[in-house]
Structures are given as C-alpha cells and as structure tokens.
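Form predicted alone, single chain, as structure tokens, below.
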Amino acid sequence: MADKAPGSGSNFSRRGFLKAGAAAAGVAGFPYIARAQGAKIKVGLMLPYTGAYAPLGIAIENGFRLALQEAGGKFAGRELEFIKVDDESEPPKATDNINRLVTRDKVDMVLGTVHSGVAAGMLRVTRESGTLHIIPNAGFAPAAGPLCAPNVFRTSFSNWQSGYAMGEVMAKRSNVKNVVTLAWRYAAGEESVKGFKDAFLKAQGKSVVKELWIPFPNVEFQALLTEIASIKPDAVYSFFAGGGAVKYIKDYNQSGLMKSVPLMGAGFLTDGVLEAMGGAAEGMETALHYGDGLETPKNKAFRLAYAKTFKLQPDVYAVAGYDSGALFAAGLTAVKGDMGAKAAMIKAMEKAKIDSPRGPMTLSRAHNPIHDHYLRKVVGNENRVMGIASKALGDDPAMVAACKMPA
C-alpha cells in the first residue's frame, strides 16, 4: 500500500517556499544557500543504479542528460553539477539518502525516483525543505493528491491514468460487457484497477464481475487463471510489470485463455519485456502515454539522438528523464538562470508546454502530467501505437480534490 500522506497537515505553503528561496535563511534546518549566478547548479540524481530497477534509473538519467546536451550543455547559460545517490529501491533508506543530498550536498534540485515507496520518503524532506523536486517515474497517487506541493512536479504519469485510458477503450467495445480484473495487491496495482473501473463502469451495461488479487511480488498465477476460466468473462484487465508480467503473460498464454478471453492492461504489462516473453503477448492491447513507432517529428528526432548518444533504444523511462530536463530548463530560462527567483521559476514550470516525444504535455494544478494515452498492440517486439485511447488525460479527480495547493 502507498505510504499514508506524511505531512498532509503541514503548514508548508507556496509563500513559505518562495520566501525560503529569496531569503538567506529558509525553513528550519534547511537554509537557502545563495550561490553566485555563474556557479554550477547542483542537481541531485536519486535513482536506482543497482538492482532490478537499475535500467530504469539509467534511462531516466540518460534522458535528462540528452535534454541538457541538446541545450548546448547548459540550461539558461548555467552549467550543472550532478551528484548521484543510488536509492537501491529501498524505502527504509530514503530519508537518509535524500537528507544527504539536501543537507550535506545542498543541491538546488532533486530528480527522483522510480520506486513509489522511496519517492514518498523523499517527499517528507523535499516538501518541508522547499527543495525543487521532479519525480520522473513513481506513479503513486498521493504525489498529486495530499502530498502535492509547490516545489514538487511529476513528469511521468499517475498509476490511475493508464488504467482509465484502457477502461475507456474497453467501454466502447460492444463485445466486452463483463470483465475480471487481476493485479498485484499493492498501491500501483490498486490505483491502476481503480482507474480502469472509473472509466469502464461509466458505460451502460458494463460490469466487473470479480476483482482478483495476488500479493506483491508473488507470481504463482495458476489458481487464479483456473478461476478466470470458470467465470468466462469477456475480457481480463491486469496490471503487472517487469519479470512478474513476463511470468503472468506466459502462464496466461499457456493456459489457453488467450484464445477465448482477451487479456488487456496498463502499458507496463508489456513495456520493456516483450523479448523475454518470446511471442506470448502477440496481439495483446495495452494503454500508455508512449509507444513504439509514434510518428511525430519530435519522437523521431529524440529516438535517433538517444540511440546515437547512448547506443541504446529509448523507452518510456528515458522519455520521462528527457521531459524532466525540458521542464527544468523551462523554469530556468524564465528566470535567466537565477535559482533564487523561486516564484517566477515555479510559475513558468506550471505553465510550461512541453514538446515531448510522447506528444504535447502540460501540467495540472497538482503538477501532474496532462497528456495523450495511446492504444498499443503487440506486434513482434513492438508495442505499436494504433491510435489515441484517451486525449489529454488528466489525473484521478479524487486525488485532484485532495491536493490543497496553496495560493
């Protein structure tokens, strides 16, 4: 489950944050460090560099560095100094790691992270210190709800969004009336299923006949697949990722269900793991804010530049890192590189219109992305974009209402 909203009753405000940026002394224990305009801006990269999520952390950093490279190696004429911390995807270590960056290294901005539990721990510190914080992956709902803050921005997604987009697609299909959901029982799975239900159940005559859950990170699916076969729904909606998704889809395919009960889900079900599935996901449909072969000039240029620079193919994580760089650059450009001009910088970031490889991206009042979600179909080793599943999709209204962003 997601962490309970830490500090949701805090007196932290936009005014306090801006005052901290303008004055020599800010929030208690976290003084604002005035730096010469020509000094390097310190960027703390708190990302996973070891363990299962290491490829995601590397892709995010690569994307951010590509944005910097395309800007000529500087944002608004300012050079950046990177200070890296491996968060190891370990929530218990989050507080010590983020405090190291904020209090010891006195970074101007933090980019992180992938794991939602780690990101929640980071927010306990960055919300109180006022340190600019860009989240390039963690999709947990409270970041754009009770944990929203003027200095916190997310450039990736919320877990609710791709579920909602797929729910819209399935709601429009006359041959899909009764659905079973199956997901890991943890925050990301629960939020994804909620998004799906919020959209799917709006349509008349639609029902979720049963919600099936499996503890995270358990991958023993056979009993659940047998139950699905006995229910005989029109389709199944699922949320899994990484190795768990590979095992699930292989098991689903081997059970014979793929021929009679279509399996659909959030894009993370098939993103980055198609080669490992060995064709088991062929023909599957998912929804996500990015996909292979997205035919836009920006995406083509991005993919070419990324492959040339890093000798790797970019993915949705690299896109989020790249857009984090673009968002940071938009804020710095508006204040001509003056990190002390907090009010103007935040205002510029809030109003930024990012020309992203994913398509146009703006930010909500809660600083969560508003962006198109695509319907993708597995063709070979591609999540091929088939069309738009949901246009300019914002965040869960329940979370938006819970965001008490100060004026």
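For clarity, every value in this text was computed on a predicted model and none was experimentally measured. In this text, rigid core is short for the largest set of C-alphas that superpose within 1.5 Å between two forms. Note that residue numbering follows the sequence shown and begins at 1.
Below, we refer to the form predicted in complex with a small molecule, which is not included among the displayed structures.
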For this session: Could you spot which one of L182, L101, A241, A149 gets a heavy atom to within 4.5 Å of the small molecule in the predicted complex?
Result: A241
Seminar exercise, completed: If we test each of S129, N299, N97, S116 for a heavy atom within 4.5 Å of the small molecule in the predicted complex, the one that passes is S116
Seminar exercise, completed: Only one of 155-163, 249-257, 223-231, 69-77 sits within 4.5 Å of the small molecule in the predicted complex by heavy atom distance, namely 155-163
Problem set entry | Touches the small molecule in the predicted complex: T270 (any heavy atom, 4.5 Å) | no
For this session: Answer for Y374 alone: is it within 4.5 Å of the small molecule in the predicted complex, judged on heavy atom distances?
Result: no
Exercise. Given that the partner is absent here, does F310 sit within 4.5 Å of the small molecule in the predicted complex, heavy atoms only?
Worked result: no
Exercise. Should G139 be classed as touching the small molecule in the predicted complex when contacts are defined as heavy atoms within 4.5 Å?
Worked result: yes
Exercise. Quick one: once the rigid core is lined up, does K74 have its C-alpha move by 2 Å or more between the shown form and the other one?
Worked result: no
Exercise. Aligning on the rigid core, do we see the C-alpha of R185 shift 2 angstroms or more between the shown form and the other one?
Worked result: yes
Exercise. After fitting the rigid core, is the C-alpha of V273 off by 2 Å or more between the shown form and the other one?
Worked result: yes
